[in-house]
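Next comes just one chain, in structure tokens: the form predicted alone.
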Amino acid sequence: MALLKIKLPFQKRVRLAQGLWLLSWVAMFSGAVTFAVGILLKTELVRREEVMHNNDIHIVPNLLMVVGLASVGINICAGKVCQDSLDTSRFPRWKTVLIPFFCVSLFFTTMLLIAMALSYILQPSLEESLKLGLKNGIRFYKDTDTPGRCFQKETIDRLQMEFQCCGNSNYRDWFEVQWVNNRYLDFTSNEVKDRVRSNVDGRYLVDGVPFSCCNPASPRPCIQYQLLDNTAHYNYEHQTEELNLHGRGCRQALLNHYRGLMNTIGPGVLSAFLMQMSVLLGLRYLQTSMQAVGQENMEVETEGYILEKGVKETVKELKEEMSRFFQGQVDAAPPAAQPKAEPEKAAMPAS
């Protein structure tokens, strides 16, 4: 028994074709938007690539771009099918193409759901990637003379100013690394010598932060050094003066930024999926209802359905067809070449 069978008179088929043609163009625009959103997310991720430990999250924008382009092509073809379905002389050329077309379309449409799911599933991985990437970025902040790390300082400074953040988790992360290059340290100074000697690794550690951590909204001029010493500054209490610096860490700031993008993308991708599925289901009804239309009488009433048989019967037939296909491939394989037997040597007469 056919699945979800409905009767479609001529007028309903015409309205279905016209409605699907319009919906396919709307879905094509939705596919273009999906592609543009993928490019936007990809650009944002590439901009911060230096502070990410891995690129696992890049699979989301890559999928969105591929599926968006595929959706544009699918809906252009769907619109053409809808136009040709109103002409019995042009529609028959689509009969052999539509089944593979539906398979390809369903594959790419399913990828929309996968991209949406990954945008949520990979968020913990993104947080870990930012945590390790920012940790390395802060550690290499001073290496302005090292090839491959020359722009790390600029990257971190711009990041902290743009997102109004400081450090990985907070400003105290800068206390644990030497962020001043040795070329700018006076090693004849007793203070510098004492700080270097007091550290096991011989690093110059200070309770200070780079200028990019300063909060411009603070009424007080920025205090970058001796942040934990209340006596070093007039009328200063470091427990209550944190507004002098950006309070949140850059990991949380970036994570909120990317989560906001991906949480916005999710409902949009779901809408594109539902629209694309509506086009494919309507096109399936149009295809099956047109199969019974003859050249002589186009206005005959026909039936449309999603599957010619039930779900179990269809799955069973597909399994049998796949088994026959693979069995035929095995049977068609040439037999392995047998080694030729060496001719027996003639017996030599005894002398």
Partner chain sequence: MAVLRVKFTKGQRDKLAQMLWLLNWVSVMTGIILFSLGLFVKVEFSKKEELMADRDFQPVLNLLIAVGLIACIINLLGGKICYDCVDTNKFLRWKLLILPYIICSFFFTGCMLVGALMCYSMQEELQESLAEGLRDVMRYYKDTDSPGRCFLKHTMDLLQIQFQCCGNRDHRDWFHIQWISNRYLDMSKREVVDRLHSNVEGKYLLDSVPFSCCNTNSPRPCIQYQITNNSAHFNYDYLTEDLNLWKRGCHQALVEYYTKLMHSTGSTGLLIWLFELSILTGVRYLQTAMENVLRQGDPESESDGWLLENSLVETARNNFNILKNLGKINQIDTATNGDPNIDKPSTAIYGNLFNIKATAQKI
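Just so we're clear, the structure is a prediction, and the values are computed from it rather than from any experiment. Positions refer to the first chain, counted from 1.
The next section is about a form of this same protein that is not shown, the form predicted together with its partner chain.
- Contact with its partner chain in the predicted complex holds for all three of Lys153, Met161 and Ala217, each having a heavy atom within 4.5 Å.
- The closest non-hydrogen atom of Trp179 lies within 4.5 Å of its partner chain in the predicted complex.
- In the predicted complex, its partner chain sits beyond 4.5 Å of every heavy atom of Arg197.
- Its partner chain is not shown here, and in the predicted complex it never comes within 4.5 Å of any heavy atom of Phe107.
- Its partner chain in the predicted complex comes within 4.5 Å of a heavy atom belonging to Arg183.
- For the options Cys222, Ile99, Leu281, Ile76, the residue carrying a heavy atom within 4.5 angstroms of its partner chain in the predicted complex is Cys222.
- Contact with its partner chain in the predicted complex, judged by any heavy atom within 4.5 Å, is made by just one of Ser271, Gln252, Thr144, Ser125: Thr144.
- Partner contact region in the predicted complex: 153-161, out of 77-85, 112-120, 153-161, 128-136, criterion any non-hydrogen atom within 4.5 Å of its partner chain.
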